[in-house]
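There is one chain below, alone, in structure tokens, taken in the form predicted on its own.
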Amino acid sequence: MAMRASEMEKLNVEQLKALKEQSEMEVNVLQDSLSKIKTAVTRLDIASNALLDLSLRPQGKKMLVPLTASLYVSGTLEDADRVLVDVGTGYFIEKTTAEGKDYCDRKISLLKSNYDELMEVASKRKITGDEAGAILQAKLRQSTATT
């Protein structure tokens, strides 16, 4: 939806309002997606650091095991080199600690790449909305000046 200012000037007031509103809605959706990506990156980063910490703990070590974000149970570390990795939709894959860390790092890299692409799209949509708003204001001032 990249529209030049010269093309926008040809639109009437209603079309400009619609374009501005659509651009603002798209920017809001993109910002929500960006926020979700940031959250996912943070969670993966925490998981990656936890895997590193886990690999440094000795076998037989007593520890608290998280069942949910706020519920922990006592446990004993049997094998720090084997972990279950949540790959989505309720599926878990057993991997070595190093493979689990690599998985997290690859996902972080992919999410950061997607984040950068979405930022660029959001920026372009914001510029389009701002230009449409400016042209709309100019047309409204022009129409009130002629009446």
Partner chain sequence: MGSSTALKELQRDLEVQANVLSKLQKEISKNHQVRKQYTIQLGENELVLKELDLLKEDANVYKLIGPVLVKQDLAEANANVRKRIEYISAELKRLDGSLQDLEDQQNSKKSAVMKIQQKIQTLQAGKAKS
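Just so it is clear, the structure is predicted and the values come from calculations on it, not from any experiment. Positions refer to the first chain, counted from 1.
Quick note: we don't show the form predicted in complex with its partner chain, though the next part is all about it.
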{"item": "One stretch from 115-123, 86-94, 57-65, 41-49 that, in the predicted bound form, holds residues within 4.5 Å of its partner chain by heavy atom", "value": "86-94"}
{"item": "Ala98: touches its partner chain in the predicted bound form, heavy atom cutoff 4.5 angstroms", "value": "no"}
{"item": "Contacts with its partner chain in the predicted bound form - residues in 106-142 whose heavy atoms fall within 4.5 Å", "value": "Arg106, Lys107, Leu110"}
